[in-house]
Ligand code: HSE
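Heads up, the chain below is alone and in the form predicted on its own; it's given as structure tokens.
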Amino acid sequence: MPDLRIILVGFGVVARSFAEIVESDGESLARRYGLKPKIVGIADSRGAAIAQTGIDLKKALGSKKDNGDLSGLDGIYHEGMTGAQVIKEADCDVVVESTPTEITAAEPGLTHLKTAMMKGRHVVCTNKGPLALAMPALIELAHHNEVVLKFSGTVGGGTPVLDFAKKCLEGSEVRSIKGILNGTCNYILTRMANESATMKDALADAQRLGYAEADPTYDVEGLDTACKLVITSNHVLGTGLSIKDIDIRGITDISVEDVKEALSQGETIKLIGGVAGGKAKVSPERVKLTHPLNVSGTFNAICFDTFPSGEVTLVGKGAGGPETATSVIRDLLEIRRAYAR
């Protein structure tokens, strides 16, 4: 059972959660799934560490916690080394790209993905930016270089939205998609509906609990939902969308009065990302209280309109380090199975 040599590009919450799983549960992964991850490179915004014999993950996690970087990895740490440089210099099988999402130019993630695939490395990506801007081109690049590009963690976190649609709905025609794809917005709207909280107060509470960033624009303006909609539509429906094709409206203009009026008519307001008939949009919409999409708190829900089965809805947690780290493991297992064939 050979090791699967991995480079982690980005060492934030998701990558550290993955490293913690490998450190604490590596023997179980090998025994249950035949998966033996060996981390041979780690890069963050300050520098990188490379060790072809494998990096001591306990030491790497401790250095990141204590120093804010990987400088505690004496002898293998290279201050200022970029993710792209690590991909070029370290010999590996898979690059796991989990740098923060950026949707203007999708950098540095886009460069990381291109560099990895052109070097013949398989890629697991949890960064939505490159796929939101250039998903068709990246898929073509993967095919051209005969590598696997996996990205299940970009939508739904630990909830297998993309795999569910492609595998469990196989045999049915998926005609349209609509869903709640951002837990932050759903938490805010839930507070407004259940407690008559104002948008400002609900957002402040979401930030206090860690559901929203200090700058919540990406979530509340609907951009995160739009990224996930692009990826889901392209993967499931075979569209060739980018985020520039999406009509986007967030939740910032929703008032308590709007929510109360909807409730009086047996409905609630949710931020919905949907694609049907070739048109894709993100906007606040009324949802019947009895509809499966009426989920509370930070939960996500996505509804696939299928023929001949009708509507099929998947509900689960949409984000979180450990949850998204499980999607990385799921993708690595797919790559391992491809090797086995």
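Numbering starts at 1 and runs along the sequence shown. Everything quoted here is computed from the prediction, not taken from an experiment.
This next part talks about the form predicted in complex with the ligand, which is not shown.
For the options 178, 270, 228, 150, the one in contact with the ligand in the predicted bound form, meaning a heavy atom within 4.5 Å, is 228.
Of the residues given (258, 213, 205, 247), 213 alone sits with a heavy atom within 4.5 Å of the ligand in the predicted bound form. With the ligand omitted here, the record of contacts in the predicted bound form names 218 to 226 of 237 to 245, 188 to 196, 218 to 226, 114 to 122, defined by a heavy atom within 4.5 Å. In the predicted bound form, the ligand sits within 4.5 Å of a heavy atom belonging to residue 184. Mapping the unseen interface onto this chain, residue 21 falls outside it, with no heavy atom inside 4.5 Å of the ligand in the predicted bound form.
Residue contact check for residue 319: one or more of its heavy atoms lie within 4.5 Å of the ligand in the predicted bound form.
Contacts to the ligand in the predicted bound form (heavy atom within 4.5 Å) from stretch 110 to 134: 128 only.
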